[in-house]
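Only one chain is shown below, in structure tokens, and it's the form predicted alone.
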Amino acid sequence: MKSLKTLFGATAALAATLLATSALGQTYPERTITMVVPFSAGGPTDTVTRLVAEAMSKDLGQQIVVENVGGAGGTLGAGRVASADPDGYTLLLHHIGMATSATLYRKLAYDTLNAFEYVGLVTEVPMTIVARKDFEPTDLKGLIDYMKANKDTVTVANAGIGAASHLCGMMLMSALDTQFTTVPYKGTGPAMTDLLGGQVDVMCDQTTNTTKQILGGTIKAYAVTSPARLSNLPDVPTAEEGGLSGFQIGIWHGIYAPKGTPKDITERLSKSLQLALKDPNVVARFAELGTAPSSEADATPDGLKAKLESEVARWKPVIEAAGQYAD
């Protein structure tokens, strides 16, 4: 009899939990949501986040406040969300570094593939290979030859270990089978400032950070890393056209919630994300930045989960071959 009472008690408790979870999903959100960006304000990922957060706020009926928690290649911000209450009020918008940090950092405070619930993919931003405006090479082939011949003196800037520019730089070194002098900065802004000032030679960074300078003629563009030329940079050839066969890299962004966040809430957020990615202002601004919203099928928990798993597997051998770790 005691066992039967225990079983009934457990069943009742489970039913109550399920009902409470369902009710929570139906009333969510009831207050301001915080969306953590694990990089500094004003950078490419911050720009994407603020556009999407504004559009999602309209649909959700509650403000989404963007909080910049930079440091350690994005792992500090990700760790903050991983340890947050799983109630849907603390979210993370991270880029490809979510996948690469699993190998770059050998002692992470969280398990990349198991510490989060998935909301959906946001966008995939192409990269550009650029240089200071007075750099000698005139095209990508010339740049490749020059960098190989001057590997000991060429400087390649990046926004710090784990940043998109660092990852692209590693892939460039791998493609050319050549090691360069890399100059890490504490953020995209300082790296671009020194490129504009001629203190460093080359950088490989997202179109969200380089398009304005390319169109303004303040830096020299050699290639985009997309399969086809970009409509807003029609005169910049693809890396494939310039002689770097197979050199395609996009910095994808996704939204995550802490592990244990109720499914009703992640599904509500995913639906809101899908609507936000159809918002005319988001579509237009993304186009100006050289990117496009993710498809409705990709802006889902399953779409993001599949992307993260495949990218962790893709980048692991690249990082191990480069031997560049963050700890």
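By rigid core we mean the largest C-alpha set that fits within 1.5 Å across both forms. Quantities reported herein were computed from a predicted structural model and do not represent experimental measurements. Residue numbers here begin at 1 and follow the sequence given.
Same protein, other form: the form predicted in complex with a small molecule, not shown, and the subject of what follows.
Q: With a 4.5 Å heavy atom cut-off, would you call residue 45 a contact of the small molecule in the predicted bound form?
A: Residue 45: yes, in contact with the small molecule in the predicted bound form.
Q: In the predicted bound form, does residue 163 come within 4.5 Å of the small molecule, counting heavy atoms only?
A: Yes.
Q: Wondering, does residue 187 line up within 4.5 Å of the small molecule in the predicted bound form on heavy atoms?
A: Close contact exists here: in the predicted bound form, residue 187 approaches the small molecule to within 4.5 Å, heavy atoms only.
Q: So, residue 210 and the small molecule: in the predicted bound form, are they within 4.5 Å at any heavy atom pair?
A: Contact with the small molecule, no.
Q: From the list 99, 78, 159, 129, which entry has a heavy atom within 4.5 Å of the small molecule in the predicted bound form?
A: Among 99, 78, 159, 129, a heavy atom within 4.5 Å of the small molecule in the predicted bound form occurs only for 159.
Q: So which stretch, 82-90, 223-231, 148-156, 200-208, is the one near the small molecule in the predicted bound form (non-hydrogen atoms, 4.5 Å)?
A: Among the listed stretches, the partner-contacting one is 200-208.
Q: Align both forms on the core first, then report whether residue 191 has a C-alpha shift of 2 Å or more between the shown form and the other one.
A: Residue 191: C-alpha displaced by 2 Å or more between the shown form and the other one.
Q: Taking the rigid core as the frame, does residue 167 move its C-alpha by 2 Å or more between the shown form and the other one?
A: Stays below the 2 Å threshold, so no.
Q: Aligned on the rigid core, do the two forms place the Cα of residue 255 2 Å or more apart, comparing between the shown form and the other one?
A: Comparing the forms between the shown form and the other one, which are aligned on their rigid core, residue 255 does not shift its C-alpha by 2 Å or more.
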